[in-house]
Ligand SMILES: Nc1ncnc2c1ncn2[C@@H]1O[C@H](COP(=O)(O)OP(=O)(O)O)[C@@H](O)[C@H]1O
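Coming up is one lone chain in structure tokens, specifically the form predicted on its own.
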């Protein structure tokens, strides 16, 4: 996938023809929508699929949430969260290709900064909590992406929606999941909705042995054609 790599007020990191790695952004307009959790789990699973090792990291994690730096903070406190094959990147710039990374996963901030943080992304996954406010924010975010995609990253592909923190026994969550699937089907082009990630204490505690993200990660890996 070709992409013009641009950062506002910054020099280009690489051209579409020379950049080998792909860039996957995890984006949402609302805070608390599991962006950091999703970024960490997907980076971990993708590193496993791509054969990364401690001596040969193949997936980079880039924390562009300059307000909270939640992902960076957690990893610095719990270094065990960086599994073999995953590397935490410093700053907010994309790394150079000489680091031999196959993929960079960007954890984006909420709010107005969320769109700008998509600079340089090839692919975008949107986690969404199946609540009324979560659906409202999803609609607003999709509208913002469609309106500003050309100026942010003209070749970025909105890859999929990922329902997160889903309670199977909740009637409200089932209703909201149906609405999310309808929104995805009505998008142009239609979007896949990944296998929902259940609400589990192990996931919330960032226990990377939990299988809650496994099905969604496998689906996404195939969609992304990494």
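Numbering follows the first chain given and starts at 1. Remember, it's a predicted structure, so these values are computed and weren't measured experimentally.
The next section is about a form of this same protein that is not shown, the form predicted in complex with the named molecule.
- Residue in contact with the named molecule in the predicted bound form (any heavy atom within 4.5 Å), chosen from 176, 59, 161, 34: 34.
- Of the candidates 197, 180, 42, 191, 197 is the one whose heavy atoms come within 4.5 Å of the named molecule in the predicted bound form; the others do not.
- From the list 183-191, 50-58, 26-34, 168-176, the contact stretch for the named molecule in the predicted bound form under a 4.5 Å heavy atom rule is 26-34.
- The shortest heavy atom separation between residue 204 and the named molecule in the predicted bound form is within 4.5 Å.
- If you take 67-87 and check each residue for a heavy atom within 4.5 Å of the named molecule in the predicted bound form, you get just 70.
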